[in-house]
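Before any questions on binding or motion, here is one chain by itself as structure tokens, the form predicted alone.
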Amino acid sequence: MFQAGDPMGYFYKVTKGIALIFRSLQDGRRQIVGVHSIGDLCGYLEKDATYNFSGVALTDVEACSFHRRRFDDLVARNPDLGSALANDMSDKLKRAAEHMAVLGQLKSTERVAYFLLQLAEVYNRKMAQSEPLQLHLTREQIADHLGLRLETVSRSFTVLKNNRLIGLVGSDAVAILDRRRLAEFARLGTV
């Protein structure tokens, strides 16, 4: 969809599907900073008139594109639109702050539990998807998002499965078996 460092022209509002927003690190690794779905804006953040992050379609994605400079002019003339954009950015900042707290405070398996609950909420609220939860993400992508190693994410899925909090459905889906206990585990680290 867009590449960090490229000149910024357009940003996007996802109308269908899921997009990953990430930054590539110098050693070849990447840090996934966002999983965007229906209604989310992506590609809006810039640095020196270039995209600050990269964005790729994780599933089939449909999106509306907006020319950044023309959109900024439109916002300047329409305060209601500017207010809606400010609210969207505020929501993104809240999610980013919450994600940083998760990375800083939760242990690895707690992070995975929290991630599954958040993903289930987004899918249910925005895409009307329910159980089983189609991840659309590889274990490696989940690790990149949570600041973990691939092996750690795999072990965490096993721990959650062995404690009967989740069930694995094939290689790309998870059934949340006990949402209350999974939420307690994500918050307290105890089963």
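Every value quoted in this text rests on a predicted model; they were computed, and no experiment measured them. Start at 1 and count along the sequence shown; that's the residue number.
Below, we turn to the form predicted in complex with the DNA, even though it does not appear here.
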Quiz item: Contact between T158 and the DNA in the model of the complex at 4.5 Å, heavy atoms?
Solution: yes
Quiz item: Would P132 sit within 4.5 Å of the DNA in the model of the complex, counting heavy atoms only?
Solution: no
Exercise. Examine R68 and determine whether its closest non-hydrogen atom to the DNA in the model of the complex is within 4.5 angstroms.
Key: no
Quiz prompt | Heavy atom of R125 within 4.5 Å of the DNA in the model of the complex | solution = no
Quiz item: Which of 101 to 109, 83 to 91, 69 to 77, 116 to 124 has heavy atoms within 4.5 Å of the DNA in the model of the complex?
Solution: 101 to 109
Quiz item: Honest question, do E140, L148 and T152 all end up within 4.5 Å of the DNA in the model of the complex by heavy atom distance?
Solution: yes
